[in-house]
Each structure stands twice: as C-alpha cells, then as structure tokens.
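Just one chain is shown here, as structure tokens, and it is the form predicted alone.
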Amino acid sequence: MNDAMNDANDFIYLDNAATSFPKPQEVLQYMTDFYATRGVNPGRTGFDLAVEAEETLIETRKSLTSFFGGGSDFNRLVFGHNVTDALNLLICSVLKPGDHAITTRLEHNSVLRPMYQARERGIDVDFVPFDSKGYVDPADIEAKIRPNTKLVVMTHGSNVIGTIQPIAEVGAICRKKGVLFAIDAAQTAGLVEIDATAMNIDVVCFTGHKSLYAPPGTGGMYIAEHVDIRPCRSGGTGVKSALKTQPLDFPWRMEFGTLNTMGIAALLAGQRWIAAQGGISKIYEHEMRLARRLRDGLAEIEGITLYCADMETNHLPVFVFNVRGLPPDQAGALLDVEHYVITRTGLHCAPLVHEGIGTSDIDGTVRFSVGPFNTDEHIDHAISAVADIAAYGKQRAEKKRPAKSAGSSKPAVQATT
C-alpha cells in the first residue's frame, strides 16, 4: 500500500474497524470533482447535469453488484445511510408478528437492537452462541430453524474479535430450508471476498466508510433477484409521483428521498482505488501481515491478555486485548496521550460478544484494527507503546496487592493508590 498515513498527522491510527482513515487521496479528489461539476439531484429531470449525476449512480450500482457477486439486475443494489440503516430497513420490512428470526451473539447493536424491537412486535428471536475461538457453528443455526423462521441475519466478520464467520455454510442451510439469509458486511465489504450468488446470500447489508473508503453516511444493501421485500418505509422517489404507495420497482422500492450522491460517487472511487492496489486480496494480505505482527508483539508482553486472537485463518486484521492493572479506557487514553496511538476501547457496540469472552464486567477491552496505510513502523511503535503501559499497569497492580502483617500470613487492608 502507498504510505499516505500520518504525513500531516502526528499520531498512529489503529481504529480502522470504526472507520478507515485517512481516505485515499484519489477518493477525496473524485468526491470533490463530482460535487463541483455534477452536484445536482440525479435523475429528477432531464437536463444534462442531472443525467450525468444519475449515470454515476448507475455505474456505482453496477460496480457494487458485481463486487458482491450479485445477479444481472443492478437496480437491486439500493443505497441508504449506512449498514445500521440497511439492517433496520431489512428487519422491519421482512419480519411480522408471529414470525421467528435467528441471529448470533456476535452481533453489533445494528442487529441486536432491531431484534429486541422485533420481539416487542411479537416476533420470536433466537441468539446463537459462538465457541471459545469466536466462531458460530452452522449446525447450531440449523437446529434453531422452525417452520415459521423467516430470517437468519448474522455478521460476516466480528467488529470485536475479528473472526470471519462461515457464511457460505449458513447460506447453504438457509437456501435448503427456504429461509431468507442476510449478512452484516460492515467489517468485510471491501476487505473480504463476498459472492452472494455462490454463498447463497439473499441480502448483503454494507457500509461505505470502512473498507470501501467512502465517507460516513453511505451504505445500503444488495438484494438477490428472487427475494421479495415489501418496504416498511415510504417517501419521495422522483418517479411515479402520482402513486399513493411506494413504487414496487427497484431501486425505488427500497430507496427513500434524496440520496447522498457525493458519498455514492465516493463508493465508486473507492472500488477503483481497491482495484488499483491489486484488489481485495492484496489489501487483506497487507493488513493481516501487520495485524499478526502486532498480535505476536503483544503476546510477548507480560500482563497482556488477548481474546480469540488465533489469526491464521478466517480472521480480520482486528483483535482486542486488556492490560493487567488498567481498565480499558485508561489503557486507551495512555496509548493516545502518551504514545499518540489511536485505538478504540469499551464494549464496541457489541455487548453480547463481551459477555461471551468474559469482559463485560470490566468495561470491555482495547481494540486494535489495522488499515491499508499502516506500516511496519507503526506496528512496532504500537507494540512498544503497549509494553510501556503494561509496565505501568504492573506497577499499579503491585501497589494494590495486600500487604502482609509481621508474623501473619493473612492479608492486611489493601493499600490504595
């Protein structure tokens, strides 16, 4: 990857699972040029600029449909605000009272909270657990399927522990059982190959601001051609305005109001940038090499606890850890303030994951997530920084150990710091 990182910034950014930063210069330039020359409402009228803006949207739909291994109808690629928006729209549109849905305990709140709301609407929901290494067993999902199961929705890659789930196996099960299968591709779109057709994925929900390198406020879903979804929203489309109901033609069936045209243009530029780097596999290989280097370095430091960090296969360049003697938020603050390393701490909007790995009662973990512009030097600096705060955490832990009274093996009152 070309090193556009930190030339103008005096910090090392390892929070790419939250959003990729910086965005490629090519993407930023394309956005600026697009909005300066074609920043009008696309397709709402026949004048040249509107037609050109619409052509950019069409090209992005085509490109993303191919990118996700979709079918021939590129209008089934619909745009929204982000993956949370797409998942909410999907869940509220598909599930009705009396239905049953299945998800997992690996999910982000983008899935969890809509599912909790679905329960309030009279929908039964099962949450399938993950194993000690961080993976869901497809057989456990199959065992939960009932005659009234309408939807299985699950993360493709965990935003906390980084494990890539066996979605092709789950997709095959769902297709055999006649159950709609959707994935949350927030962490994988642009970084891990997704072939909706081969993997039997009915709906791919994605965001644009992570590994597709567009700005926040971009995303959507690809809906396979055999899937019939009746939207739970309605609004302006710019077409068939006399109808009192939402048009059922795609993409207007699942798109509402004026789109983020500049952000969608950035999605197109982001895909072009990925191709210019040699494709998804090249970027993934670069990021995983650095992530393993970082993981290995941390594993050698006394006082560091890693979680589900066997990163040899089926893993994202994302992992979490804790420092003995330091709460995660304090460890993250020290990395930032003392060492200029930007990370993410807490529960990462995925509380059930932290329950599963035993970190919910200690306010979560520290997360590192590598991006395309990180370098070996960044990784080595981060390792050194963690070693430094681990030594500090050890000192704190030792100060908190109970002192021994003379002639007694019983602990005295614990010292305070």
Ligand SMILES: Cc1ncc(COP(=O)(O)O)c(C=O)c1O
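Given the structure is predicted, the values throughout are model-derived calculations rather than measurements. In case it trips you up, residue 1 is the first one in the sequence shown, and so on.
There is also a form predicted together with this ligand; it is not shown, and the following applies to it.
Undergrad: With a 4.5 Å heavy atom cut-off, would you call residue 17 a contact of this ligand in the model of the complex?
TA: Within the cut-off, so yes.
Undergrad: Can any non-hydrogen atom of residue 253 be found within 4.5 angstroms of this ligand in the model of the complex?
TA: Contact with this ligand, no.
Undergrad: Using heavy atoms and a 4.5 Å limit, would one call residue 90 a contact residue for this ligand in the model of the complex?
TA: Flag for residue 90 set to no.
Undergrad: Spell out, yes or no, whether the shortest heavy atom distance between residue 323 and this ligand in the model of the complex is within 4.5 Å.
TA: No, residue 323 is distant from the partner.
Undergrad: To test your reading of this chain, name the stretch in 306 to 314, 117 to 125, 260 to 268, 206 to 214 whose heavy atoms come within 4.5 Å of this ligand in the model of the complex.
TA: That would be stretch 206 to 214.
Undergrad: Tell me, out of 187, 163, 104, 343, which residue has a non-hydrogen atom within 4.5 angstroms of this ligand in the model of the complex.
TA: Contact with this ligand in the model of the complex is made by 187 alone.
Undergrad: Identify, from the list 76, 295, 286, 108, the residue with a heavy atom within 4.5 Å of this ligand in the model of the complex.
TA: Contact residue from the list: 108.
Undergrad: Can you list, in sequence order, the residues from 63 to 92 that come within 4.5 Å of this ligand in the model of the complex, counting heavy atoms only?
TA: Heavy-atom contacts to this ligand in the model of the complex: 82, 83, 84.
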